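Take a look at this single chain in structure tokens; it is the form predicted on its own.
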């Protein structure tokens, strides 16, 4: 049994493209629909009520497009809206980015001291602190707001002196911790931050592991699709009538190609430029859609 419907993704802007890229790498046979709410970014400095309202609108838009699962590719929206959206659309699996990232960080730490950089709203929610403590109550967590990085990255700035200084300022508190409290793992608690992962890792030094919540969320999505038997035709499992990668052989037939759609609520040019840098020759056309302001 297979399900050809697409997987939906939404984020406050371009950051969730890091999750989409990892998901397409892990699930190459799946179709996807992504909505980046660039017109209303950043979410991290908004109230919880605003973020919830936006998340509901974007999730409803994906449900209207008949998606089979939804990835909230935004840490702030995950922290604020995940439970509400699961109740609103109980028939659709929702995957957030907080718990997968927290689990990956707990597995990575050797000393039991983890740092988290995220938006103000995510830090305020305590979502990462709670998720990490759920994995291992003995782990020490140092969370810092880094909302200043988001608008720079959203604008396509991945290397300017201004960005470098903002990263240095953000990480200074971790580097200045006394030896007994120094972290050995930093969790990127915003899906925008993997876009500057190399810059962050370089500033921290080789002794600190940098964990990417985007990659962890994509791994969770892969498991959810498999466990719920939502795989696209010919993608991961199969029968003689519908062969998958591990299925039986069958007579030759036309290949089922995945379809990928990118939407932004903001300017197409900037969004498209960063998408091109992320996906390379896998060019996807970007369309603009309207939202409530």
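Residue numbers count along the first chain shown, from 1. Just so you know, these numbers come straight off a predicted model, no measurement behind them.
What comes next is about the form predicted in complex with D-glutamic acid (DGL), which is not displayed.
Engineer: Hey, in the model of the complex, does residue 190 get a heavy atom within 4.5 angstroms of D-glutamic acid (DGL)?
Structural biologist: So residue 190 counts as contacting D-glutamic acid (DGL).
Engineer: Is there a heavy atom of residue 127 lying 4.5 Å or less from a heavy atom of D-glutamic acid (DGL) in the model of the complex?
Structural biologist: Outside the cut-off, so no.
Engineer: Taking D-glutamic acid (DGL) as it sits in the model of the complex, is residue 36 in contact with it (heavy atom to heavy atom, 4.5 Å or less)?
Structural biologist: No, residue 36 sits far enough from D-glutamic acid (DGL) in the model of the complex that none of its heavy atoms falls within 4.5 Å.
Engineer: Though only this chain appears here, would residue 132 touch D-glutamic acid (DGL) in the model of the complex if you measure heavy atom gaps against 4.5 Å?
Structural biologist: Because no heavy atom of residue 132 falls inside 4.5 Å of D-glutamic acid (DGL) in the model of the complex, the answer is no.
Engineer: Give a yes or no on whether each residue among 11, 42 and 74 has a heavy atom within 4.5 Å of D-glutamic acid (DGL) in the model of the complex.
Structural biologist: Yes, the whole candidate spot contacts D-glutamic acid (DGL).
Engineer: Please name which of the stretches 173-181, 218-226, 101-109, 191-199 has residues with heavy atoms lying within 4.5 Å of D-glutamic acid (DGL) in the model of the complex.
Structural biologist: Looking at the other structure, the answer is 191-199.
Engineer: With D-glutamic acid (DGL) left out of view, which of 167, 123, 85, 150 would have a heavy atom within 4.5 Å of it in the model of the complex?
Structural biologist: Selected residue: 150.
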